[in-house]
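Here's a solo chain for you in structure tokens, the form predicted on its own.
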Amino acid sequence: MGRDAEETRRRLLRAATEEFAERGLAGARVDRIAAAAGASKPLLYAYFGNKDDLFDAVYNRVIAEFVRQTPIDPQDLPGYAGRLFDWSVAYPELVRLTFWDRLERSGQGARQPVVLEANRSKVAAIQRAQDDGGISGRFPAAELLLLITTLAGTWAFAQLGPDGPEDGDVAAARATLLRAVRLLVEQDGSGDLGRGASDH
């Protein structure tokens, strides 16, 4: 694929990301996506197939970048939650695409290979930290990962208005998230869980 074709494909993905995040799969229109990208509908179909395939391409692109930008540190899961929160506030289309995927496609995007592989490696890292005694084993590793990612994403979404973060104190909301995750992962009796975790 030549340079011009690659650039057109990138423009289509950017336009599709905005369209799907705002309107979901059912409400999105291919003609609006093509027009926003300065491309034709036949070219969009040639690159991505149908609208469902385009949603998958958008979802995989956004999730792959999200995974790259938010590496897990099983010894500092509050810090990991903070990174998830920061990225979700900065790029609200991630949270919105995830919600649309669950509402309209029963979470099909979460079963894409890029997501499954990332989750497998994260669960394994958490399990090793639990086996080593570094973090609490009160929740199974897979459940703990789901709790943390759900808390971070939903808490970030709660801070977002139509045009981004509300006027409320996002830093205070982030600190609350860190404290909540610290409660989940610290060993019983290991310090004052009521105090906030350090910001990472």
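One-based numbering along the sequence shown. Not measured: the values here are computed from a predicted model.
Form predicted in complex with another copy of the chain: not shown, discussed below.
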For this chain shown on its own, do 27, 99 and 151 all sit within 4.5 Å of another copy of the chain in the predicted bound form, going by heavy atoms? yes
Looking at 146, 43, 64, 57, which has any heavy atom no more than 4.5 Å from another copy of the chain in the predicted bound form? 146
Residue stretch of 118-126, 83-91, 101-109, 69-77 approaching another copy of the chain in the predicted bound form, non-hydrogen atom distance within 4.5 Å: 101-109
Residue 9: touches another copy of the chain in the predicted bound form, heavy atom cutoff 4.5 angstroms: no
Does residue 157 make contact with another copy of the chain in the predicted bound form, using a 4.5 Å heavy atom cut-off? yes
May I ask you to state whether residue 139 is within 4.5 Å of another copy of the chain in the predicted bound form, using heavy atom distances? yes
4.5 Å heavy atom contact, residue 22 to another copy of the chain in the predicted bound form: yes
